[in-house]
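Here we start with a single chain on its own, the form predicted on its own, put down as structure tokens.
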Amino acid sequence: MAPGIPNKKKTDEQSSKENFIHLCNPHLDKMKEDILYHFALGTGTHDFPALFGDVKFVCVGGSPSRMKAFIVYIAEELGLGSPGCDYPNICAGTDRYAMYKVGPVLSVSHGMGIPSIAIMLHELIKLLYHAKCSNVTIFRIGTSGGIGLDPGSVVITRESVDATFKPQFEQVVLGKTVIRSTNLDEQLTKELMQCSIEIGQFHTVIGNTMCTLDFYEGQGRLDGAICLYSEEEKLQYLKEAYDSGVRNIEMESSVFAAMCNLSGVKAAVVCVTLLDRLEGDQISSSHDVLVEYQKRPQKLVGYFIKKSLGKV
């Protein structure tokens, strides 16, 4: 049988139901081996279909410890792990990212900011492609600063906007500015909102998420090492953001949405707010309260996965 030809022919109806990962890079087909350097994985050393072929849900977040906590949580929710079971870091050969898997769920850390998550996503999308995964949904779960929301509120992103409130991701490629769409799957957003209603444990809204290049000046904070604007100017900017539909601020959603769009992957961003930026800049809640807040996106996405698998 010729390489790449499946054992069974699929009908047109079957094929139409399978949404495979799309790679916007014709050069990859010419490579004998693809080394995913920052994952310490490679097509010449690992059997991607055997390791990852059953993945249907991918959850990404900034912190390695939070993503391990998520895989432990989802394993228990899906009844796939025994109490006290350890889950090895698949990317243990590198200290850049951490990756964990249980059943059809993959959990991956992405670090902080657009450059870090972009590198991770390039290799994650290729991993899913090489594994021949289909019908994959990717979630970014994390924390954010809210605008006009009580701390602990969960925001499901309608679309990611830049610091000028435009729904776009701008990148310089070969010296030229490229602008990409940052829309997210509308139906998936609605389904997540319905899941939050069914859970009934925390306040959830659908709104735009502003993605910035910086935590301090880029988000209009007054407490950085450099600040050359007034408190009045800061508040005016944040109120303009609110009026444009922005409900929270973070630093990864724009490139996440853009890359998932280009790869044909359904994606959603679910973040909890740790403070209301109209009331201040520093996170002052206790450690225990913050830990509970950070579990809320995990609970919402975990419930969605359980419901999708018919386990609710």
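Computed from a predicted structure; not experimentally measured. Residue numbers run from 1 along the displayed sequence.
Quick note: we don't show the form predicted together with another copy of the chain, though the next part is all about it.
With respect to another copy of the chain in the predicted complex, the three residues Gly207, Tyr303 and Leu309 uniformly fall beyond 4.5 angstroms at the level of their nearest heavy atom. Partner contacts here mean any heavy atom within 4.5 Å of another copy of the chain in the predicted complex, and among 264-272, 47-55, 242-250, 25-33 they occur only in 25-33. When contacts are judged by a 4.5 Å heavy atom cut-off, Gly146 does not count as touching another copy of the chain in the predicted complex.
Not displayed here, another copy of the chain is approached by Ala163 to within 4.5 Å at the level of heavy atoms in the predicted complex. In the predicted complex, none of the heavy atoms of Val102 sits within 4.5 Å of a heavy atom of another copy of the chain. For Tyr87, no non-hydrogen atom is located within 4.5 Å of another copy of the chain in the predicted complex, even though that partner is not displayed. Residue in contact with another copy of the chain in the predicted complex (any heavy atom within 4.5 Å), chosen from Asp150, Glu233, Glu198, Glu191: Glu233. Heavy atoms closer than or equal to 4.5 Å to another copy of the chain in the predicted complex belong, across 109-129, to the residues Met112, Gly113, Ile114, Pro115, Ser116, Ala118, Ile119, His122, Glu123, Ile125, Lys126, ordered by sequence position.
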